[in-house]
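Before any questions on how it binds or moves, here is one chain, the form predicted alone, in structure tokens.
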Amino acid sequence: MNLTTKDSKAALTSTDLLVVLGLENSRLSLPTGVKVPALSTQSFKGEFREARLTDAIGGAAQRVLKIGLGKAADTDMERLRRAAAIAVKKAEKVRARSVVIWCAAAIEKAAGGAEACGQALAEGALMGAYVCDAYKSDAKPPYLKKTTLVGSGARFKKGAARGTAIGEANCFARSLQDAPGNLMRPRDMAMSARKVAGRSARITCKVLDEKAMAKLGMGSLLSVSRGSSEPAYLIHLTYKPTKKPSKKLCLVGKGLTFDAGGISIKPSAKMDEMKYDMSGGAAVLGVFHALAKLSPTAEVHGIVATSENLPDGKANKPGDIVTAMNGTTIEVLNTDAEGRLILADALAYAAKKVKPDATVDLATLTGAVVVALGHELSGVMGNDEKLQDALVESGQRTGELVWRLPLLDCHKTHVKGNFADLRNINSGQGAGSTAGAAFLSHFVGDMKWAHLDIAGAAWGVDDRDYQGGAKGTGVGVRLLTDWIG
């Protein structure tokens, strides 16, 4: 879909569908020259997600779709994202080739300004138009070809440009998530990372194969891929700004392209969803997809540990002991707690090779976080309160909500091993999501670090118009892009 912007002072160009956003208990404002039947306007209340379609009786639009945002005090970027998603979905349904989303000055004021509105509408339109039909033999191209966002001047245009980069990046991450495990293998993640790096001269990509990882002593990461015919990789993306970096940040993503649980095999029900166990890695690649256009002042490193976890004669066995890059020995008591094994070496690599000012890892690490927080929030734990608070704030701005969970010294003690330094599960004290973070805390060195458990938010979320249901959400892309600044 081609997405462009236009100043609201300019005359409205001809379009198949004009979308007008309205506030509850407020007079609906239409572009100059556009006329609709009086009854269609009078019956429109502006309630949140209310949508009324009518034929135009004058002006440049064939049809007019009125979408409600609710009360002005409740109107924010999230409601604009949802309204834009409703708009493009309806445009596709009525087979419109072009749609104009018109944002009046009153809407911009209510939602935080023209720049915020431009960003939110661009994100919502692009994410709302996302479909995954690449694997269907009868897939048809979309009817909607062009979307024009209309708002106030340069600030609106700037916001829309940022929203376009972020929306496209989110959809890119979702396309990686939704790919089947036989077509999104560790090698395919590495290939995707190289393609992302090719989008900007300021992004480089280094891919470490198993031989290179063995040389670095990454026995924990390498142990997970023993049961698979597919080799593991460690992807290292680096973005460098044109001027001296304001700070150095690192993102670490779990890239399990399929997780059967290994010898501690998972139940067969819903095992197909374990293609989503690479969602953390997909988010990291998605962030770099956005960085190619956004050009922040920070230096950003993205590390993705990618592997498969399958049962085989060479696979990890419960009770095996492996050694991580930082020399820590680990009892593998449950081979289905494999994500922390690959993240352990990825974090140790970040601590030794990158030495960032702050590190955030994100992973579909535990089912326990779904029990604690459901599908609408990600859990955050770590060793730095300001970093965790910053992620919570970014979550509020982007709609990718984050909730702090505790990480106490006793949790770190619970993962101490009997026959090795650590064990990869705790000894039955509960707090499963925290146990995963507690394990990882032993590999971060002196880095400021936060761990995001996105197991609930990565797929299966409630319908938010621009995402929802069985497909991937691309969670983390918008959150971390906002955090980077």
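In this text, residue numbers run from 1 along the sequence as written. Since the structure is predicted, the reported quantities are computational estimates derived from the model, not experimental observations.
The same protein has a further form, the form predicted together with a small molecule, not shown here; the description that follows concerns it.
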The small molecule: the contacting residue among 293, 266, 145, 194 in the predicted complex [heavy atom, 4.5 Å]: 266
Which residue, 120, 100, 218, 365, is the contact with the small molecule in the predicted complex, using a 4.5 Å heavy atom cutoff? 365
Determine which one of 258-266, 73-81, 345-353, 105-113 lies within 4.5 Å of the small molecule in the predicted complex, judging by heavy atom distances; exactly one does. 258-266
Answer yes if any heavy atom of residue 274 is within 4.5 Å of a heavy atom of the small molecule in the predicted complex; otherwise answer no. yes
Indicate whether the small molecule has at least one heavy atom within 4.5 Å of a heavy atom of residue 337 in the predicted complex. yes
Please determine whether residue 425 contacts the small molecule in the predicted complex, using a 4.5 Å cut-off between heavy atoms. yes
Find out whether any non-hydrogen atom of residue 459 is located within 4.5 angstroms of the small molecule in the predicted complex, and reply yes or no. yes
